[in-house]
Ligand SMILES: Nc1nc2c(c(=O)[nH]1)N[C@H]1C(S)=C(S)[C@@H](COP(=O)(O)O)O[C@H]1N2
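First comes one chain, alone, set out as structure tokens in the form predicted on its own.
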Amino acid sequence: MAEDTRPRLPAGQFLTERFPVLTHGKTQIVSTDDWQFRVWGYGLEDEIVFTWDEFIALGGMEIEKDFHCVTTWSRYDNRWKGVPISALWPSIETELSEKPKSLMFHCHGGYTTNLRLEEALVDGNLFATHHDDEKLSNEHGGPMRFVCHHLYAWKSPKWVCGIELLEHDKRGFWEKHGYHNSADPWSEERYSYQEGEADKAVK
């Protein structure tokens, strides 16, 4: 594997020790008692549904990663604990008749964000239940958020409750409202005008 020579702090970012709360819409209050995680869409004949206990039982991991927000703050050495996507994906893959190209993450409150399959499956990405040794607060997406540490933070959706499998990539909430579809902090992929045309379809 080639050595990563990128600077630790991406261009246009400033470092903070705080963990700011930024949310579209109301903070969601989600109980784990009747919590469900649903997987449906392209390549699946039947929807897959997990209870909280079933999802947590898939496997656990702890990882320390930097976190970068499109609003220009970055926070180093965040300690995340939860279920790695590498533990979930085999349960989905064994049921597929066709391989999806992208995933749409769905959340309580109606938020969505899309990730190409290869971006979603990057090693270390996880469904986090804890941050810095504490259970995720409601404000930060508790009881569970997806953490895609290598992209801007809007690709790390709070209160995640499902994945829609997509034959072709389509845009989620912020991607439809002018944010870049790819969201790489080191390329400063903040806004869709940087892609050449705002409504460009991903092929």
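Just count from 1 along the sequence shown to find any residue number. Note that the structure is predicted; figures quoted are calculated from it, not measured.
In what follows, reference is made to the form predicted in complex with the named molecule, a form of this protein that is not presented.
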item: Residue 12 within 4.5 Å of the named molecule in the model of the complex, heavy atoms; value: no
item: Residue 182: touches the named molecule in the model of the complex, heavy atom cutoff 4.5 angstroms; value: no
item: Partner contact for residue 107 in the model of the complex: the named molecule, 4.5 angstroms, heavy atom; value: yes
item: Distance check, residue 127 to the named molecule in the model of the complex, heavy atom within 4.5 Å; value: no
item: Contact at 40, 92 and 102 by the named molecule in the model of the complex, all three, heavy atom at most 4.5 Å; value: no
item: Contacts with the named molecule in the model of the complex - residues in 149-173 whose heavy atoms fall within 4.5 Å; value: 153, 154, 156, 157, 158, 159
